[in-house]
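Shown here is one chain on its own, the form predicted on its own, set out as structure tokens.
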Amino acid sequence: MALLLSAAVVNAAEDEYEFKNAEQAQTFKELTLELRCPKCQNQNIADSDAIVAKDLRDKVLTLVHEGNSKQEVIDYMIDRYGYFVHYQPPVTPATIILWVLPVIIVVLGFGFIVFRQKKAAIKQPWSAADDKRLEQLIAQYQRKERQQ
């Protein structure tokens, strides 16, 4: 019974955030769902039980209470923790390279294979001297076979 009461007190403590209006509550809810916990890595700060997630929720709450917009809070968190903290990273030259570089490597590899196949498929001219050399090699082979 005491365990159930303590669990109820803990749950009540987690939901003790107070807001001036419904818009701030909605902004806080959206932000905690969009920001990633730096420790848990695949949980948002709303679902994470990590201490750093609690600190981030408190900071988001403070920024929302100060009247910052959603984008300003996201910018603050990105400045503080890097692009990793946001589930929707912006398109930067680094992210473009990460997306485009594998495609370039595959295209260059395919082009290299095609180039090598075309080079290997070039027919060599066959001359009368080649015929004569082939006949000599066959005769030499047949002589060795007879001697054995």
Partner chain sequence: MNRKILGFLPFLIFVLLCVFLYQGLFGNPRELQTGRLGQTMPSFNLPDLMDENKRWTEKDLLGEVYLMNVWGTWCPTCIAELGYLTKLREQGVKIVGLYYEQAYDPDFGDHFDMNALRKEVDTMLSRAGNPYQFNILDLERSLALDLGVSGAPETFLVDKKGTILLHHTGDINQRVWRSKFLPALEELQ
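Positions refer to the first chain, counted from 1. Between two forms, the rigid core is the largest collection of C-alphas that superpose within 1.5 Å. This is a predicted model, so every value here is computed, not measured.
Although it is not shown, the form predicted together with the partner chain is what the next lines describe.
Colleague: In the predicted complex, do 41, 51 and 55 all reach within 4.5 Å of the partner chain through at least one heavy atom apiece?
Modeller: Yes, all three are in contact.
Colleague: Taking 4.5 Å between heavy atoms as the contact cutoff, choose which of 79, 66, 30, 47 touches the partner chain in the predicted complex.
Modeller: Exactly one residue meets the criterion: 79.
Colleague: In the predicted complex, is there a heavy atom of the partner chain that lies within 4.5 Å of any heavy atom of residue 119, even though the partner is absent here?
Modeller: Contact with the partner chain, yes.
Colleague: Going by a heavy atom distance of 4.5 Å, is residue 84 a contact of the partner chain in the predicted complex?
Modeller: Close contact exists here: in the predicted complex, residue 84 approaches the partner chain to within 4.5 Å, heavy atoms only.
Colleague: So in the predicted complex, does any heavy atom of residue 70 sit within 4.5 Å of the partner chain?
Modeller: Residue 70 lies outside the contact set for the partner chain.
Colleague: Is residue 116 among the residues whose Cα moves by 2 Å or more between this form and the one not shown after superposition of the rigid core?
Modeller: Where the cores coincide, residue 116 still shows a C-alpha shift between this form and the one not shown that is 2 Å or more.
Colleague: Does residue 102 move appreciably between this form and the one not shown, meaning a CA displacement of 2 Å or more on the superposed rigid core?
Modeller: Yes.
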